[in-house]
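Let's start with one chain on its own, the form predicted alone, as structure tokens.
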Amino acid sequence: MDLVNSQWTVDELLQQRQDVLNQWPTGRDVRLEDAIAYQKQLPEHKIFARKLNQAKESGTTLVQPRAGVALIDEHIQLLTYLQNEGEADLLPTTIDSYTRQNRYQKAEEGISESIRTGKSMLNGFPAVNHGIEGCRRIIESLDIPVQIRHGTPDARLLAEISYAGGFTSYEGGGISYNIPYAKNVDLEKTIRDWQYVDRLTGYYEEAGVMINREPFGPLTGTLVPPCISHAVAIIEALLAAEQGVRNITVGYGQCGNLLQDVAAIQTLQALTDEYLRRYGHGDASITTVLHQWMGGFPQDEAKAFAVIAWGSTVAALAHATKVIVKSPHEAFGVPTMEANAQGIRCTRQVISMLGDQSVNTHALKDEKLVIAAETRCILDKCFELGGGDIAKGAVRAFQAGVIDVPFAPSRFNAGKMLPARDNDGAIRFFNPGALPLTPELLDFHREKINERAKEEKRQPSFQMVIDDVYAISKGRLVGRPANYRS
């Protein structure tokens, strides 16, 4: 099947389903009619898209953690704690690494070892292995909506079981769950595999079931320029909408400069609405998510809470629909449920204090204009490369370096664009690579990098990029040289 951005017929979906469901024994239990009936009987307060849409209408920012362990009872205990003690608005089920790689036999071994040792030996919940009934136990044990969060290039079987199991939101996309996660996975294949996921989602939608889809916004982390993550998010939103998805949450990972981060969330909402309307999907409901700081965290818990509060401030002032929360144990690995709940409560407190406030300055407006112009340059070039087809255009854009994700492991990513912070900590292009920016935008970035170099009394160099990568873990945003004095 050639890759094109057109809606699959039901027959095309069903032709692939049997092979997908046969990947692991639990897949054979999936019956679409039963799955749709189960989804339809869920109470409204457990429907992810409904809660997001209500929050968007009221201007409320919802709070959601990350969490997942190997065994069903322990996973329910963890999520119940985050719901009740953490006061989460939305819950996750983070999937383990073996499932993300479709290595279900290894996940099965991890379940057995977890039972034997009495502690989780997987870094997430193996939903495919636990099957439909295991997933439904989770949904029925909780009082708020639950989302599947993972990192899977081929997420078709996981989607089938998750939807049949009652989950009402599903994260990921053919670009965002490939380029930042895998080295040798073909981009054209993952986009096609995610067309399956989106057509399946659209099939449920046509049957009257609301399922939210969320492209993964942060990509490789904290030095991703907003226009890069925006372009990927909007492409994945367009691909999803074409397959019939009607509830889409586009995301952005906090980069560190307050004005740029607020501007990024606000332009992400506006630009996604703009491009979906332009290409015939104006009926889709678009919401936003801010991911709190995805880079290095201080080991000191008090300092870690400061980083969490900082991200919460961005979410509140940008009026993101939801925020994905970090914990004060980020520097050490998987947090305890108590630490996870502390991160949620810290975030909720900041949002409560700032929820009625806004930022509206000339500097913010200028930054929004820059981000919007850059994003349009990239997206319009993608459509040009694809001859009007954004699926083809996305593949060709990566081949040409028109989209270039910094520090991505994929060999299908050019890896020539390099970001660095300007003197105020905003992300700029140290080396734009082959990004299709206008001469005016390229001059703007060059001037910003030169301003910082002049302040630090050094020449612009790759050392700036390295310094910025490690800055937050050292208590700074901008990676200043050791001899710097302000």
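Heads up: residue numbers just count along the shown sequence, starting at 1. Treat the numbers as computed from the prediction; the structure is a model and nothing was measured.
Keep in mind that the form predicted in complex with a further copy of the same chain is not shown, yet the notes after this line are about it.
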- So in the model of the complex, are 258, 298 and 362 all sitting within 4.5 Å of a further copy of the same chain, heavy atoms only? yes
- Message: Would you classify residue 271 as touching a further copy of the same chain in the model of the complex, given a 4.5 Å non-hydrogen atom cut-off?
- Response: no
- Query: Is there a heavy atom of residue 53 lying 4.5 Å or less from a heavy atom of a further copy of the same chain in the model of the complex?
  - Reply: no
- Query: How about residue 352: is it within 4.5 Å of a further copy of the same chain in the model of the complex, going by heavy atoms?
  - Reply: yes
- Query: Is residue 21 one of the residues lying within 4.5 Å of a further copy of the same chain in the model of the complex, judged by heavy atom distances?
  - Reply: no
- Item | Partner-facing stretch of 193-201, 302-310, 276-284, 139-147, counted where any non-hydrogen atom is within 4.5 angstroms of a further copy of the same chain in the model of the complex | 302-310
- Message: If the cut-off is 4.5 angstroms on heavy atoms, which of these, 416, 345, 376, 189, is the one near a further copy of the same chain in the model of the complex?
- Response: 345
- Query: Who in 44-66 is close to a further copy of the same chain in the model of the complex, meaning a heavy atom within 4.5 Å?
  - Reply: 58, 60
